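Given next, in structure tokens, is a single chain: the form predicted on its own.
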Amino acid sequence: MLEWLAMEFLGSHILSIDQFERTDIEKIFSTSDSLVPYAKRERITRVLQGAILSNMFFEPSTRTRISFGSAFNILGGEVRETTGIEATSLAKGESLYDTSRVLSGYSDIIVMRHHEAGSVNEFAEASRVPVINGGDGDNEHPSQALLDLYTIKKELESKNKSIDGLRIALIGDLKYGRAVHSLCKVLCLYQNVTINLISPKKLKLPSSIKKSFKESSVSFFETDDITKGISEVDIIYMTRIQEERFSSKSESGKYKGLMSLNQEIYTKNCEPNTIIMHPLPRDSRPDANELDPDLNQNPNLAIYRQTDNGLLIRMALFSLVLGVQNKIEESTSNVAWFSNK
């Protein structure tokens, strides 16, 4: 039965976290584990030599764009990048359909980010090669959810815990935060998860996602008081105010700084060894500062372990979608330069 439920990765688009069952996620995670020596540059593989990735980012990105590109390079492939709509023929009125049909002829796989929800799905429908959703408006960010879940798994395992039974606090802009939306969906695949939703009242998690909680074993409660929501959790997951989703900066500015965590609040309210996560970028401007720099030396701050894990997850997705996960060692060699990673 489990085999029947398993996803066919080869040649598939990766558009939504809803595509995956637990068995699929376990396959992604085991593939990620096998790729650690390559991500650390302890070994070299050229399994994707000759393959071309088109990184099409029509909305600003640092980690997602560069980690997808780095993941493809580490596997031996070439990367072509487009950043910003103004640099493409979309600015001249070209449709997503035409753009997709043309660029998929130049590529073996495409990663796309766009500011409009549903745009990546529309693009994928016309593409001749697999498309991975790098974030579409306030809708979803499936690879972010996967790397977040992988990080949660690793952090909990270090404390002899598992995702089943997880207690997590999601804090900040839960209305527009696509990383939160995708993470909430995937947590519904696990048992006895408790989610504390902490946000300003007008930035609550959409009711459609809360409905999925009620259809699973996830329990949750909502509050706008950060100290009430972080006292008995394993993971704190902070998010920034998604100011690009608001009609004006004056509107988004109403919520800046309302949800902020520093070492004092952490020490007073959290259980020892509570893990702190953030999908990044964290807004470090004084009027926002959702994660204070005084947490930088806290060993439970996992934000950089998250970003490292993102490289592994994206390498795994490329390997599975392009069907080379069992061929990686065939083109493996030793590094010819010194690395202290």
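In this text, all values refer to a predicted model and were calculated from it rather than measured experimentally. Each residue number is its position in the shown sequence, starting from 1.
The discussion below concerns the form predicted in complex with a small molecule, not included here.
Screening 216-224, 99-107, 138-146, 121-129 for residues having heavy atoms within 4.5 Å of the small molecule in the predicted complex returns a single hit, 138-146.
Within 4.5 Å of any heavy atom of the small molecule in the predicted complex lies no heavy atom of Asn269. In the predicted complex, none of the heavy atoms of His114 sits within 4.5 Å of a heavy atom of the small molecule. Contact between Lys210 and the small molecule in the predicted complex is not found at the 4.5 Å heavy atom cutoff. Of the heavy atoms in Pro293, none are within 4.5 Å of the small molecule in the predicted complex. Contact annotation for the candidate site: Ser30, Lys154 and Ala316 all lie away from the small molecule in the predicted complex (no heavy atom within 4.5 Å).
A heavy atom within 4.5 Å of the small molecule in the predicted complex is found for one listed residue only; from Ile66, Ile44, Leu280, Ala51, this is Leu280. None of Lys175, Arg167, Lys185, Arg240 but one reaches within 4.5 angstroms of the small molecule in the predicted complex through a heavy atom, and that residue is Arg240.
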